[in-house]
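Read the single chain below, which is given as structure tokens and is the form predicted alone.
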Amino acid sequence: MKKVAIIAQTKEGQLSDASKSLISFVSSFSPESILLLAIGDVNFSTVSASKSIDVIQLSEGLWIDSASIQPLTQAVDGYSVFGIKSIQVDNLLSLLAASSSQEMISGIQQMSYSGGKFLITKSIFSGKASLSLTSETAAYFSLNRNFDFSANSVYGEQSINSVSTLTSAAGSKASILALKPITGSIPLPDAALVVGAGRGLKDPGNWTIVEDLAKALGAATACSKPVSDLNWRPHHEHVGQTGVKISPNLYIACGISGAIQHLAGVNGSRIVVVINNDPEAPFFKHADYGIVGDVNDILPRLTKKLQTH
């Protein structure tokens, strides 16, 4: 493989652990060069790779349409570009693919590279099935958040060749009116851990036990459609076929029966734990682990256990 680029996920000036794992993963393809794309200032002291890395820091500007994306399209011309699924990463990858007329493959669960070909397993039909395919032409790749990097170790010590800055082009039809950073919560599409609940909580006033468990885990909170329809929870927490689709490492479903519409939004989860007082609840058939019992009893006990360890 000649050249690879990585869209890095960052938080508070640090590379995410997933981005570090992705650097290690693409290093195993033995590329001639690695280009790291990062938005904003980033501390690169913990980057490790088999080869030296060039860094392009993207300005905090508009990277949202074909006009503004042109400088970045030119910068990654000839590269295979990788990212781990998030709203920001998928937006950049899809714009780059469209503006360069190159193929993009998303929902990647497993991936290898051999003989000039990518061997890929990806999720399809809202996570209900997997598709195996081979590609020699795809240039943009979005890996699921629960992609398993465990088989790939870190290669060598970090070595940053150069750091440059790239600014989005003028001419965009959009403009930024205000920047309002999200604080105190984890965006659902980006969450590695999610605690979701349904009408089994019986009353919106009981939602504190869900929030307490999520806080103890460092997880995001989610809900089923009936809960958001009843205005127990905000609609941006609705997970399902007509809501947000998630692919966390762990999804804990509390008091949710498991309607097909909800399953369509959570089928990308690596591990699913179901807590329900109905042993015949359909969700148990799709769970890795199940607990039969009252969520109002079990959740506080789980939270207490987590807080004491």
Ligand SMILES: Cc1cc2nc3c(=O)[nH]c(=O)nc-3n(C[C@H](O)[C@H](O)[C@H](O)COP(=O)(O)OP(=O)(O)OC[C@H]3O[C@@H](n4cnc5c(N)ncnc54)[C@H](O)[C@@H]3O)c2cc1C
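Position 1 is the first residue in the sequence shown; the rest follow in order. The term rigid core refers to the maximal set of C-alpha atoms that superpose within 1.5 Å between the two forms. Everything numeric in this text was worked out from a predicted model, so none of it was measured.
Omitted here: the form predicted together with the ligand. The next part is about that form.
### Query
Is the gap between residue 10 and the ligand in the predicted complex 4.5 Å or less for some heavy atom pair?
It does not: once the ligand is placed as it appears in the predicted complex, residue 10 has no heavy atom within 4.5 Å of it.
### Message
Just checking whether residue 293 would be counted as a contact of the ligand in the predicted complex - the rule being heavy atoms within 4.5 angstroms.
### Response
Judged by the heavy-atom cut-off of 4.5 Å, residue 293 is in contact with the ligand in the predicted complex.
### Message
Within 4.5 Å, heavy atoms only: does residue 117 come near the ligand in the predicted complex?
### Response
Contact check for residue 117: no, nothing within 4.5 Å of the ligand in the predicted complex.
### Task
Evaluate residue 261 for contact with the ligand in the predicted complex, applying a 4.5 angstroms cut-off between non-hydrogen atoms, and reply yes or no.
Yes, residue 261 sits close enough to the ligand in the predicted complex that at least one of its heavy atoms falls within 4.5 Å.
### Query
So which of 66, 33, 257, 57 reaches within 4.5 angstroms of the ligand in the predicted complex, heavy atom to heavy atom?
Result of the distance check: 257.
### Task
Consider the chain as shown here, without its partner, and state which of 28, 70, 277, 267 has a heavy atom within 4.5 Å of the ligand in the predicted complex.
Selected residue: 277.
### Message
Tell me which stretch of 139-147, 96-104, 217-225, 75-83 has a heavy atom within 4.5 angstroms of the ligand in the predicted complex.
### Response
The contacting stretch here is 217-225.
### Message
Pick out the residues of 236-255 whose heavy atoms come within 4.5 Å of the ligand in the predicted complex.
### Response
Going through 236-255 in order - heavy atoms within 4.5 Å of the ligand in the predicted complex - the hits are 238, 239, 240, 241, 242, 243, 255.
### Query
Under a superposition restricted to the rigid core, does residue 296 display a Cα displacement of 2 angstroms or more between this form and the one not shown?
Comparing forms between this form and the one not shown, the residue 296 CA shifts at least 2 Å.
### Message
Once the core is aligned, does residue 30 move its Cα by at least 2 Å between this form and the one not shown?
### Response
Moves: no, less than 2 Å.
### Query
For residue 274, is the CA shift between this form and the one not shown at least 2 Å following rigid-core superposition?
Yes; residue 274 is a residue whose C-alpha shifts (by 2 Å or more) between this form and the one not shown when the cores are overlaid.
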